[in-house]
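In what follows, one protein chain appears twice in different forms, each by itself as structure tokens: structure 1 and structure 2.
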Structure 1
């Protein structure tokens, strides 16, 4: 079943499409605050889209909706042309574990597991062998500059090192779509640039797609399209 969903959802060149997405949150005084207002977005194979916008404009909310972690009030989310609302909970969870990679603003690692185990977790969850999972994870940890930290637990790592483990974890299962929210915000300029190159190459070379939310204009400009989220809608900023 899982393989069927994967093929069915990613046999087309458009990976993801959001149509007319709206979302409002209740404010403490009970009024509704409209964050997203009829927003559209599409993501093609091998495409990297960056989303910029002021703090509080709704970027993380948008990413959570696209990743099916939060329901919109209205609008449709299509994965490979298939409306996500027609998928069962089990299909959504297969889609997430097989086809999506996540790097969040403050990524959470499993505290009782080593950097290597954390990075290998998506593959282990998919049922791949320990040998294969650890070998892929080790290679990625090397690429993000953590080959000497693979046995460390998250609490023994710095903030930037934890974020690099999260990046290795997001890429380890070669997901069709990577969602990244300020992926390199906690890194120094040089490490950030190297890791951005790694992420972008990994996505582009294999026809995958990536949505990057960032305040870093240099990173935003490395995408294929840069979009500005403002007043609940996306505007093409050109590159």
Structure 2
């Protein structure tokens, strides 16, 4: 029943909303460093939002809170209109598994598994059959241009190819929201541009929402909205 509720909620136009989010961390001298201060953010269905800001401004902290990996000190996180604080730990785990995809600066692939197995892993963890999981993964790997590399292990792939596998993996469970933290930060300029195009095209063609944290202004400008994180708040930079 819980799975049905999440899927039904994500059919709504607004996928995610953060309201009044604040977060502080203790400093070595015992004081508090306020990273986020009453921050608001919304993400619509099929929308790509980029977040830029100087190092240490709290971009990754914000992404972790939005993905329910870190709890805010105050404020609300709503998925499909439902307050995440009302969910049990099991429900949060289910929500993250079924409705979120993640792409990091490092592809973080399982070295002993093939590209196909890595891309299918989220579905296999959910208990889906190998046949179904591999069918979905193969389609996505073909979409990101790796149809001839599905049997390769990560060490046999280039950095750009590994990141393509990570994109396919992030989309394999048909998540409503994809979170990307510096997704092309470890790639050279040409590879980064190719991966950015593949990532954005794949997300948009699948109708997902996406939040990208990046220092790369060129990538940020390819989003539907670009937001600046400064002094704990988000400001619309315009595109």
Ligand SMILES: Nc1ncnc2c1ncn2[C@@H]1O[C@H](COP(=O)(O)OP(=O)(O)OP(=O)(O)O)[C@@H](O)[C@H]1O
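Residue numbers count along the first chain shown, from 1. In this text the structure is predicted, and so the values were computed from the model without any measurement. Take the two forms, find the largest set of C-alpha atoms that superpose within 1.5 Å, and that set is the rigid core.
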(request) Give me a 1 or a 2 for the form predicted on its own. (result) 2
(request) Examine residue 82 after superposing the rigid core and state whether its CA is displaced by 2 Å or more between structures 1 and 2. (result) no
(message) Given a superposition on the rigid core, I'd like a yes or no on whether residue 125 shifts its C-alpha by 2 Å or more between structures 1 and 2.
(response) no
(request) Could you tell me the angle, in degrees, through which the smaller rigid part rotates relative to the larger one between structures 1 and 2? (result) 17
(request) Using the rigid core as the frame, report the C-alpha movement of residue 153 between structures 1 and 2, one decimal, in Å. (result) 5.5
